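One chain comes next, on its own, written out as structure tokens in the form predicted alone.
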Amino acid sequence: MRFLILGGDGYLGWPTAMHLAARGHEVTVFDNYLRRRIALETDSEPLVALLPLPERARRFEAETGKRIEVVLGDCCDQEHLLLTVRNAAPEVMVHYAEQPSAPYSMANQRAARLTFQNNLGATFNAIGGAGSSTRMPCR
């Protein structure tokens, strides 16, 4: 089965990708590193530095022989998301591409707006906009 995981760099996305790929499924992950940028901005980076997705995928393939395709992109960019959907031709799309809204969104107005626009725009493009000419503006 072919899977496209939106938010493939996250704490749910990457383990899901590894789990599915290890079981023989074709997996593509799609992520814009927003969570990483927010962690830097708020000085809340993880204790252990995370490798970039392409490097993580290379290491996973070296260890398991299973491939995970990596696409760096933003779900708010409808054209790039649509191109990725066309290229990956997923049978299943898993949507983890939302910024957890608390506590970051309560930090200030800009953080709240970024969270809201990202989450709404990413979801709109994933469920309705990816196949249409309508675009939900994000940031």
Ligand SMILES: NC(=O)c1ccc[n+]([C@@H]2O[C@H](COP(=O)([O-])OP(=O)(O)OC[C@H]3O[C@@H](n4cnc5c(N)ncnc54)[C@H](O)[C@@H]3O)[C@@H](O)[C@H]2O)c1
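Predicted model, so just to flag it, every value in this text is computed and none were measured. Note that residue numbering begins at 1 and tracks the sequence as displayed.
If you look for the form predicted in complex with the ligand, you will not find it shown, but the lines that follow are about it.
J.: Based on heavy atom distances of 4.5 Å or less, which listed stretch (104 to 112, 59 to 67, 40 to 48, 75 to 83) is in contact with the ligand in the predicted bound form?
T.: Correct option: 75 to 83.
J.: Taking the shortest heavy atom distance, is residue 12 within 4.5 Å of the ligand in the predicted bound form?
T.: The answer is yes: residue 12 has a heavy atom within 4.5 Å of the ligand.
J.: Consider residue 98 of the chain shown here, and say whether it contacts the ligand in the predicted bound form, taking contact as heavy atoms within 4.5 Å.
T.: Contact with the ligand, yes.
J.: Answer yes if any heavy atom of residue 126 is within 4.5 Å of a heavy atom of the ligand in the predicted bound form; otherwise answer no.
T.: Output for residue 126 is no: heavy atoms all beyond 4.5 Å of the ligand.
J.: Any of the heavy atoms of residue 122 lying within 4.5 Å of the ligand in the predicted bound form?
T.: Residue 122: contacts the ligand in the predicted bound form.
J.: With the partner left out here, which residues of 13 to 37 have a non-hydrogen atom within 4.5 Å of the ligand in the predicted bound form?
T.: Stretch hits, in order: 13, 30, 31, 32, 33, 34, 35.
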